[in-house]
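This document starts with one chain, in the form predicted on its own, laid out as structure tokens.
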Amino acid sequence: MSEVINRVTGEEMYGFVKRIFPICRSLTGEGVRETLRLVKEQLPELELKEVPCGTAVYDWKVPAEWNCSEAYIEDESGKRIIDFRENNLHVVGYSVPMDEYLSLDELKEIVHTLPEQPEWIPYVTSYYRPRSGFCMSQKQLDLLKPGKYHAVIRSTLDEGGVLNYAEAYFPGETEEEILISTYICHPSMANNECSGPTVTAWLGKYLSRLERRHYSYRIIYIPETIGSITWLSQNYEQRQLKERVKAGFVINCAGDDRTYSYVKTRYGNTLTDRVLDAVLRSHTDSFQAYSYLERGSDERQFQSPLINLPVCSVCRSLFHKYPEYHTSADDLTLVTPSGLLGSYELMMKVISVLEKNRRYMAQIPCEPQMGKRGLYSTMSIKGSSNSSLDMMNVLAYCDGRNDLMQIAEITELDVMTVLQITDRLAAEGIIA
């Protein structure tokens, strides 16, 4: 694993974030397709899919395809106050077309701001109710004077369009699956949108290079909420996901340097919960594990009662917990090369532990002769056994009852240390 990690740099991942950051994405539309095409350049195994608008998906319906080419507000002199082409957060997502002259009071009725964060533009959507709207900073709005304003949105809502998503599958020795999901439906926000698809793409590259995979791995790029509902409606029973998916992760908000966090499953007792807790304790000095009551991404769909797949959201700073969330301040300064690389390394370790998380059984009665295998000092001196105590403690619990993570918990050792020890013991035929 370390060799693969060492070949990856945070700078190349950050470079990809910069490529996809300017694209105007939504639930549907050309921005989604363009993003998926760029991801496919990094991950050729990705297959692009489409679902017709109007398709019934459980209790929902795939909405019309939305595209926006232009949106702006001009004052009486023709000066543009805001322009969608300068920042695509300026238009409310899924806005219907408009071309109207409005008084300042009328304009304020369709403009959204963040008074408590006066210099930032909010991200606002109206997916399922037709309306037109704009977003700007409170500071911009406060500078406007009474007069007439020209408000223009050139957009289309196509009932004959499609919802796009993409999927890559890496078969393993078993049909048991690890599901990895990320979303591609937000416009220009770096941490909340671009970091997840980027880390996931590099994770897919890693999986494609693995010489041996015990589990099969499925990666999906979907628009949030309606995308996961659509994907589940078309795959849950057909692919026997309830029986096959053993762990799952929604990767999002994965690019800042502040912290690590994850949202637990509803009861917090799945393999996914266990491996994230164990690896995060190894990977970082501190992290935050949030209750399912703090959910907010596609773990809501994967963990819903009649689906109940063991899926957690994995983040750096958790969505809706960091101040720049859903604002223009979630820009390219918030995401860092080291933040992206840290998330990538975390998920590499998660995969390594999952791949080797077995119950181990000692193969030699009594303590094995470790010295002849180069695993223990052959000279008995006070303190000479300290360096081998961890190995002997791990071996003591290789009785067929405990998996890798349970041994780490019992011995109070780092799970990655336990993985290295069991690898060495297994290579010497001491455990199986």
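If you're wondering where the values come from, they're calculated on a predicted model, not measured in any experiment. We number the residues from 1 along the sequence you see.
One more form of this protein, predicted in complex with a further copy of the same chain, exists but is not displayed; see below.
Looking at 299 to 307, 238 to 246, 78 to 86, 151 to 159, the stretch with residues near a further copy of the same chain in the predicted bound form, meaning non-hydrogen atoms within 4.5 angstroms, turns out to be 299 to 307. The partner is absent here; in the predicted bound form, the one residue of Gln42, Thr55, Asn67, Asn393 having a heavy atom within 4.5 Å of a further copy of the same chain is Asn393. With the partner removed from view, the residue among Ala201, Leu232, Ala168, Ala278 that has a non-hydrogen atom within 4.5 Å of a further copy of the same chain in the predicted bound form turns out to be Leu232. Interface residue remark: Arg401 is counted as part of the site for a further copy of the same chain in the predicted bound form, having a heavy atom within 4.5 Å. Using a 4.5 angstroms threshold between heavy atoms, Pro323 counts as touching a further copy of the same chain in the predicted bound form. Though the partner is left out of this view, Tyr72 does not reach within 4.5 Å of a further copy of the same chain in the predicted bound form, counting heavy atoms only. When a further copy of the same chain is considered in the predicted bound form, Tyr123 lines it closely, a heavy atom lying within 4.5 Å. Contacts with a further copy of the same chain in the predicted bound form, taken as any heavy atom within 4.5 Å, map within 357 to 375 to Met361, Ala362, Gln363, Ile364, Pro365, Cys366, Glu367, Pro368, Gln369, Lys372, Arg373.
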